[in-house]
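Only one chain comes next, encoded as structure tokens, the form predicted alone.
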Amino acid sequence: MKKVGYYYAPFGRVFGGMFVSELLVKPLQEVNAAFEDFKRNKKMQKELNVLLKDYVGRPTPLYEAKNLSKKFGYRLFLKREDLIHGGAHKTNNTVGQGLLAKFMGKKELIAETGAGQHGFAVALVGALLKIPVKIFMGAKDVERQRMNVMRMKLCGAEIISVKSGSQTLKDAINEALRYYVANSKTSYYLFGTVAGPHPFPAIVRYFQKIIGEETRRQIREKIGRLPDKILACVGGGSNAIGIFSAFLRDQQVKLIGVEAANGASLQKGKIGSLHGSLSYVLQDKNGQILESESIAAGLDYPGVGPEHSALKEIGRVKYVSITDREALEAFHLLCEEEGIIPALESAHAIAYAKKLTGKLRKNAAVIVNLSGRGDKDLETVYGSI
């Protein structure tokens, strides 16, 4: 591994690293050391497993969507992360990192959020573990995700509306990092996706890999073999890494990450540094960060996790894009055909699954990671009609 920033890049040639202020190097190294101890601590691992089962609601089902399967012409399975407590895969990570913060003796949780699902998941865990919570959220996202804002407040979280820049996830992360620099001795930054400086991409991956581990076991029980393809939406990319991680060595399983067309960092970006790590980033010729745009707040991010960048470079994962219109059509399609309301983020993966119609054999098995439910998005969906 090459040394980049203040740390060795854990993904591929150069991706990842710790491109941060010197004031953050020691706190991040302390988090990394505590994380390694946490993974070896049997008491903490037992507490984590109990909470994942009894609080989060794992394992989640792998559901065969027979109506859509008939429509698409192949067997479509949905990994139902929308059914866990909080309504999205984000709770896997926040329960884990909340326990890590408790293990470190931290007195406050801080977090960024875009769609509000991560913020709500942090608020849940803060209430559960009795640790105060501050949530940084772009002003635009505060407005379009009002239900999640109300849910965070109900759980006792303080919401800090960020009015700088594009007023979306990128700017929320900027403000959260500034706050963390000043308060790292007492605060734990509970990062929400597989981006950011080391060790956050590795930590979030660790707590999300349970999605892939369950899926691998479940699909074998259902069809006696591994799937042909796995699809997942990609913003920062934690739900995708979560499900992809268990299949990376299985070359016969095609992995497809689905980005928003106007925020497709892996397809339109160039290698650069954003929020403390080296990855693919939307930027102009002078290296200035460009604004992304998506109807799905969780995909409205001009960067992506460094592991995704490494997987793109070696060709292990294919990355594609879906427009807002295609995502909306898929949102309605899943509602009408299966009675399942998906998050707009997840609808991007459903939209790409629809594009596979007529291209696969009838007994082909495709899994879509349904990363969250869509009640948070109803105002956006009906406002777009």
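Source: prediction; values computed, not measured. Start at 1 and count along the sequence shown; that's the residue number.
Although not depicted, the form predicted together with a small molecule is the subject of the following passage.
Contact with the small molecule in the predicted complex, defined as any heavy atom within 4.5 Å, is confined among 259-267, 173-181, 133-141, 230-238 to 230-238.
Site annotation in the predicted complex: the residue of L190, V95, L76, L299 reaching within 4.5 Å of the small molecule with a heavy atom is L299. In the predicted complex, the small molecule sits within 4.5 Å of a heavy atom of Q117. Contact annotation for I350: none of its heavy atoms lies within 4.5 Å of the small molecule in the predicted complex. Although the partner is absent from this view, H198 stays clear of the small molecule in the predicted complex, with no non-hydrogen atom inside 4.5 angstroms. A343 belongs to the set of residues with a heavy atom inside 4.5 Å of the small molecule in the predicted complex.
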